[in-house]
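Next come structure tokens for two forms of one protein chain, structure 1 first, structure 2 second.
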Structure 1
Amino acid sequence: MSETLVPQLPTGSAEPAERAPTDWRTHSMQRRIRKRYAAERRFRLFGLAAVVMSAGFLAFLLITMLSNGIGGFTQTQLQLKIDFPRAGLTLDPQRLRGPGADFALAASGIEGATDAAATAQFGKDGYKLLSDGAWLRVREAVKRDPTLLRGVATIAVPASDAIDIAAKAQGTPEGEATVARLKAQGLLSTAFNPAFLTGADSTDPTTAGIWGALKGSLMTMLVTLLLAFPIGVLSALYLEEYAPRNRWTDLIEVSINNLAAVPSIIFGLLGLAVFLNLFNLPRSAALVGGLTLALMTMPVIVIAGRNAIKSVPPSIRDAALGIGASPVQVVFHHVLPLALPGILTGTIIGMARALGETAPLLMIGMRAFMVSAPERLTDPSTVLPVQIFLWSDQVNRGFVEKTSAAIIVLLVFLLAMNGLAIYLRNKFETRW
């Protein structure tokens, strides 16, 4: 059988000869088809691999954070035996009720008593096994049940950082040995760590918490939302509904599109130069953070808002105009309510981005070490992503799991916001 069934083109002739039909059964043709199909399968496999591996990166990231951070929510506890009558607390039991109780207990020398009890129970360096905040737990226990003061009480107190690490993961050899000894005596337990959710930053990982940073984040987000949402919606309305097409509105449009693509750190430089140096607003305050993030979020809201407004059909505007509504009434009574779900979706996505933003806030000094949650918008504060950044720099190993745990909290917030955005989009999606 000949290899080629396709005849040679006759040279010199203007008209090509008529092609004979391709014989697909020839050996070479079959081989060629197999090759092409193999290439097709390979290509498809590459595509699948790309998708699976991209999703795999995400899964790997999440699993790493989860496995590192889940320990941050729990705490290793020591069963500490305290002999209160022997501890010699200078305490009037009457003062345990009422607002002065915390202070009275702190002044009574309960911190020393806690350390002394640990030394009595665990030997010379026993107090080193306890967290710096262990006496706070004893104080809470006494406040809850003052009868403890009459005898020997066993109270579960947080163990020190070294014990915590040794109990949860690989610790130092001596730490491991101590943990093994304590475990054998049944003195170690693991419990949920409320201080992580209610505490503020601390140099001691066993008492460090995220509430200060979380509150700072919420306050910053509030300022951002209050500024970016109205401004964003109003300018979207103007550009989409009223703006004449001229050089000025083109300029506004171009600058909004560009602002959406400006690196976020540039907004930090703007905040530093304008809000801090020009207007003398307080450094590292939630107010300035919110202002800076609002400038960053506004273009996102404008772009989302314009798309939502664009998708409201013109017939609705025409009908409203037809029965005598003015242009402003048309927009505020009819177009805006219909476009609002779309605008809200865009706003939530923009806010989620602002919530995860770190770099611009570093520029305006929101990296302060704050041991208490901020009270006012002008108080020095920090935010969750910056807290993560600060903890990630800590040499103390106990902060590794705290950092990952804070990341889990941040991701939960972001997922909730994105989930809400998707839910809103699906619920209010209208086909006109």
Structure 2
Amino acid sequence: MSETLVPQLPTGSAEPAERAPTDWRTHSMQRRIRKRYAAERRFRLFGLAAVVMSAGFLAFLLITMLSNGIGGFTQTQLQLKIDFPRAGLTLDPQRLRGPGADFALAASGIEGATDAAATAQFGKDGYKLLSDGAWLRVREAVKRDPTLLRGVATIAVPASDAIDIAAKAQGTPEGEATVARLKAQGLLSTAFNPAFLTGADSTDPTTAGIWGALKGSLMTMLVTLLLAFPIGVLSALYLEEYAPRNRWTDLIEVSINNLAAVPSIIFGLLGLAVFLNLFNLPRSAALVGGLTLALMTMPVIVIAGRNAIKSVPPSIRDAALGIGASPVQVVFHHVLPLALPGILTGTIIGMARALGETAPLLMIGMRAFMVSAPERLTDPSTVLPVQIFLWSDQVNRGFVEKTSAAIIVLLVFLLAMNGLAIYLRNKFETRW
């Protein structure tokens, strides 16, 4: 054995010098130990600071949203006294019991009667204390109980935006003085506002609701799930179980991985070019929104599906083949059921991301003003993120709390989807 190949071995007959044991009591060694412990303490402090900072930002977001948005779920109401016999309404109570009730109410002049009653009760500008949609509450009350037309009735109607803000201690001094006077007379109250959850968009913040946007989001997510989930799972199964290992397969895999990181607005441009310009599908429809978001979600499902399928031990496949199962039976009877929890978790996380997307839906026109909820997939509709974006651009002070309240609903929706993903993972997870 030469010196070049093993230079560390002694070449002569002399024994190597014996090393002295480390003296841990020396000053230099103690200084090195203190330096090492200080580095470990700094690392722990930096990690703890990162966690505290993240939790602080999250707490700030939640507290800000709750403090600003909790008022969006309540509504300030005025007790309005209406003398129906003197209001001059052209209404026959018998017509309100038949199928033509809505037509009779539409032509009865209830809106003018409501303003006249407010002027008579609150003074010359009394009608300004009421919301623009106050007469709708009167109309619903009369439709529900036609006997109100026979006398004087007191109906709780929504107050104007200025009074509503003043009642929440955010208005002008004049408005807050008016609120104090009305409260002293027992004419003002605050109650839960179900119209926020059941109504559609409006230019008046006191009557604006999110049901139209929420229903549009649900329909868009349904289209996205029905298209992205089967195609994504089948693609993952083929790439992982059947595809030959060559440069074309590698190119497809790299392309899918890159598509998962493409900015979402690019998918909006793709949806605009393909679904609207090429196939002439209806603009602003939930169908087109779902197709566009499916393009964005599919790469995420493929990647999550491949990782879940890859995590199934090869012994499962070998055992199934050993007892005579065909390759298709191995995949669909053994591999896919075991990989399903991971696939579902990745799918729901991808769907949650799609639910919060705004940019691709703006590109296909889902930012129109919708006063009614969509009934079909091809009806014009909007979604919650776009609704929040539109409300945040309003100059009316009343839309500030509506925006925060809509964000709370969207966060609850997202947390529910993530909670479902955690439940499915824990329920069906198999430990090897």
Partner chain sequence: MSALTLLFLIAGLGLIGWLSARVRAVSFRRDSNARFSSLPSHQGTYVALWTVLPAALFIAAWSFTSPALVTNRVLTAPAAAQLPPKGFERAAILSEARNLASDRSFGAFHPLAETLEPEYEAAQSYFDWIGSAVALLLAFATGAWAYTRVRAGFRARSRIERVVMLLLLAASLIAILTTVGIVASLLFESVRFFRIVPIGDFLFGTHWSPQVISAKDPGASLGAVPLFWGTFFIGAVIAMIVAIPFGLMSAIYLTQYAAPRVRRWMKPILEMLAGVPTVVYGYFAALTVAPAVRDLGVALGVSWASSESALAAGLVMGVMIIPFVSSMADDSIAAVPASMRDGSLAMGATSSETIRKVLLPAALPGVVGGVLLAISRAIGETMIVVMAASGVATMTLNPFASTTTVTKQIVDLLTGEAEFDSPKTLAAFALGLTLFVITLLLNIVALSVVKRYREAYE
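So that the term is clear: the rigid core is the largest set of C-alpha atoms that superpose within 1.5 Å between two forms. This structure is a prediction, so every number in the text was calculated from the model and none was measured. Residue 1 is the first residue of structure 1, and the numbers go on in sequence order from there.
- Form assignment for the chain places structure 1 as the one matching the criterion, namely the form predicted in complex with the partner chain.
- Arg144: CA moves 2 Å or more between the two structures after rigid-core fitting.
- With the core held fixed between the two structures, Met29 has its Cα displaced by at least 2 Å.
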